[in-house]
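Quick setup: one chain, the form predicted on its own, written in structure tokens, and binding and motion questions come after.
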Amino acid sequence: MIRILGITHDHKVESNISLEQLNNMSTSQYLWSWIDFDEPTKEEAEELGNYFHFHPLAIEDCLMVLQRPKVDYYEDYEFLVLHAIDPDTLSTVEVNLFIGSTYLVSFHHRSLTELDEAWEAIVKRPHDKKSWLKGPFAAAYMVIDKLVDQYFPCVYAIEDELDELEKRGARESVELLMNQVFDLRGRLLKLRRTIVPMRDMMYRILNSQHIQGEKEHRVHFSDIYDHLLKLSEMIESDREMTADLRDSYISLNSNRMNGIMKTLTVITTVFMPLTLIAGIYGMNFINMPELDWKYGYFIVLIVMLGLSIWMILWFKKRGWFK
């Protein structure tokens, strides 16, 4: 679907416009327009070249998903590759923007709530001449801002899970906790692969002299960059926390194994001399004088019991049970 809205020279918003009405943009009745390719068909996607005559490399980037977030400068427009995040799966959805002096073209293969919200915000915005004079960059800023705002709930949800995981760490098995930690690290990695390139792209925009009208919107784009910087720092902090939890669980598991091995070692050591005594008197030799003793059996039991008690006390004195 291709949907179009236009801002007239008297600063009114008109929607449901066709491409034919924008055919001659130099003498158009619109100050600027936003053309949104929402899940376009193959025929609709061809309009990027047939109608707008965008560079073939930019069109290729639109059709070949998934590109890294970036900004390319062309003679009459700027081309941005952005990433939206699916909050359920944390998978990325590519959003492409062409920003010209009199138009904004957005292209995406999936319907996105963020773009719908930006679209509705422009359609329902009260009559405001000052706002519309900012041109397509105002709409582009709104789209990017909506995309970045969607990152925060995803990061906050992981932080809540980390806090909960830390609280119940002593009540669950280490194996289950480790699986949850590695799952969180994998999700953080997905977010990092989206947010860090977006941050780098915004840094490039802020420090570029190529983008039309960028100086006028520096404050707005700087605000988005600050959000991305905060998100990237949160992700790095969460990754460090998961690393600490992982190391703690590994240490806890090793400590438990050491305790189990110590207990088994003590039991084995105590029974070794008892097994030796039982083995000696279990041999079937004829000339074993102790076998004829009246109280030999009881004497051996007492010796074995005394030896066991002495060894346990000696181990305790040596600190084996601490």
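Start at 1 with the first residue shown and count on from there. All of these numbers come straight from a predicted model, not from anything done at the bench.
The discussion below concerns the form predicted in complex with a further copy of the same chain, not included here.
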| query | finding |
| --- | --- |
| 4.5 Å heavy atom contact, H220 and a further copy of the same chain in the predicted bound form | yes |
| Interface membership of R168, a further copy of the same chain in the predicted bound form, 4.5 Å heavy atom rule | no |
| Proximity of E39 to a further copy of the same chain in the predicted bound form, heavy atoms at 4.5 Å | no |
| Non-hydrogen atom contact E78 with a further copy of the same chain in the predicted bound form at 4.5 angstroms | no |
| Every residue of D72, D200 and M261 near a further copy of the same chain in the predicted bound form, heavy atom within 4.5 Å | yes |
| Heavy atom within 4.5 Å of a further copy of the same chain in the predicted bound form - qualifying residues of 48 to 62 | H55, L57, D61 |
